[in-house]
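Shown next as structure tokens: one chain only, the form predicted on its own.
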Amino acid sequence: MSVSICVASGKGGVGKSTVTAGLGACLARLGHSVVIIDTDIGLRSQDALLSLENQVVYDLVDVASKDCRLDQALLSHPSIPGLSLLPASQFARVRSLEPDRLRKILKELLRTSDFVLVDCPAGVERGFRNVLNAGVDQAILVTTPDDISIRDAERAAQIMEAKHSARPRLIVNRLDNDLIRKGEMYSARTVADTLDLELLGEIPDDPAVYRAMLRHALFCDFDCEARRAVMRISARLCGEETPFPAYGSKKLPLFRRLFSSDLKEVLPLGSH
């Protein structure tokens, strides 16, 4: 069964687009046909995350305006079979993409794809609402475990509910085991309970993600904890029951507890 899923965040900078790219790659490697639609008009990023920036000729707005065919704008990933991208326009404005036209594009893509992942613009303004008005099947909210991101995610969830969209499921990104154990960071389960949303996945703060980006590569190309976390989320999207690692809930092995360095205490200026 084909399904369209919007990936939103409320707040920018929480890793929503990186998570979307990772989900697309992992779902494709599980054998599914996947299309990622970048709807962040004017600030596209998926083409760079997937190393396809030099291949963009036509984009989402060109398709919506009927300046090209859908198949002319779709970019197939060269090393991940089954993964394609419909890039956003870098120079158009949000009003160039009407929800009715986006709805038609979604329907056309769902005829040939198992998953259509819609990378929403950050925030809760017109671009985000256009995606909701296009009638996606499911929704995912990505947040980090801090009060500002949680508050913005709550607002995004409220708007989804007001528009009678599917209640989103939650991915909590950039979790730190040590900070959670020390009580300085919320656990993923605490965030999900606070927002009253189903927890779809939790992703650790993994330096491999940024190192991969510096190499113009996707973190899912490397054997790292973030990749394993996104693979678990992808399996859940496919209906599999996959256990949660519950970052921060387990004690470190004795060797690591004895020899790991303590977190440096954060003190206000002038308190030394």
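Please read these numbers as outputs of a predicted model, since none were measured by experiment. Residue positions are given as counts along the sequence shown, with the first one as 1.
Omitted from view is the form predicted in complex with a small molecule, to which the following refers.
- The stretch that touches the small molecule in the predicted complex, counting heavy atoms within 4.5 Å, is 199-207, out of 199-207, 29-37, 238-246, 57-65.
- Of the residues Ser149, Ser89, Ser84, Asn173, just one reaches the small molecule in the predicted complex with a heavy atom at 4.5 Å or closer; this is Asn173.
- Contact annotation for Met213: at least one heavy atom lies within 4.5 Å of the small molecule in the predicted complex.
- Ala122 belongs to the set of residues with a heavy atom inside 4.5 Å of the small molecule in the predicted complex.
- Residue contact with the small molecule in the predicted complex: Val14 places a heavy atom within 4.5 Å of it.
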